[in-house]
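In structure tokens, the next block holds one chain alone, the form predicted alone.
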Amino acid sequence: MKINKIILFGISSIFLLMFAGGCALLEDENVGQGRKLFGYYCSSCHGEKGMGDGFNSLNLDPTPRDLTDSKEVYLGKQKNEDLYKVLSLGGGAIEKSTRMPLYKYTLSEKEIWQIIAFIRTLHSHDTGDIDFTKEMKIKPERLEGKSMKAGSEKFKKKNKRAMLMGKKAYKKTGCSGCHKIGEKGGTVGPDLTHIGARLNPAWMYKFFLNPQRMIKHVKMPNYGFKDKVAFNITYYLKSLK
């Protein structure tokens, strides 16, 4: 009798684990991977459960989208291709906030679809399941970037236009959604108020060309900046001392 109780207890424990947290043990493999990617890249703003209440949401205007459609039906009306577009190209691609970053240079096509597969579990929709059997890119698209020697004349030269263009690019890209300068900006990434006094400009330049090449698991996505834009942003941030 005692053994039977132990067996029953073990079986009941397994069922509890299966149904706790949205049937985690029964979760589709791609949805599970999408959940992990969402937690790492998206939850800072959208919240762990996608309700738009991440710790950085208080710093953003407009506030992050509630992906659960709890207040209004928005995501449920969007096609899967629409979600892929905004995740790949950023909010600016659909005339929304540029503080929603792009991930086409950071995540593979399959990884983006996995995030979408998870997001679809957060609200009602009739778009059907995502077909992961079709051919997809497995390796993330990366930009190698060009090296630049520290202390080169190009960095030493005072260039007011480059600084102003860098400031404009910083604003246009929506960097303030994650970074703070002074009292304004988000708190996902480092405070950049005095960044110019802390980091080597050559390192910053290469980082902006390809963040993941410099820091493997950094959250900042690769924006695919051209050399000139990366240089201008570097020059602007270098002026913040």
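Sequential numbering from 1, following the sequence displayed. Nothing here was measured: the structure is a model prediction, and the numbers come from that model.
The same protein also exists as the form predicted together with ligand HEC; that form is not shown, yet it is the one meant from here on.
With respect to ligand HEC in the predicted bound form, the three residues Leu89, Phe231 and Leu240 uniformly fall beyond 4.5 angstroms at the level of their nearest heavy atom. Using a 4.5 angstroms limit between non-hydrogen atoms, Ile119 touches ligand HEC in the predicted bound form.
For Ala162, no non-hydrogen atom is located within 4.5 Å of ligand HEC in the predicted bound form, even though that partner is not displayed. Looking at Ser97, you'd find a heavy atom of it within 4.5 angstroms of ligand HEC in the predicted bound form. Ligand HEC in the predicted bound form comes within 4.5 Å of no heavy atom belonging to Thr193. Annotation for 179-205: interface residues with ligand HEC in the predicted bound form are His179, Val188, Gly189, Pro190, Leu192, Ile195, Arg198, Leu199, Trp203, Met204 [heavy atom within 4.5 Å].
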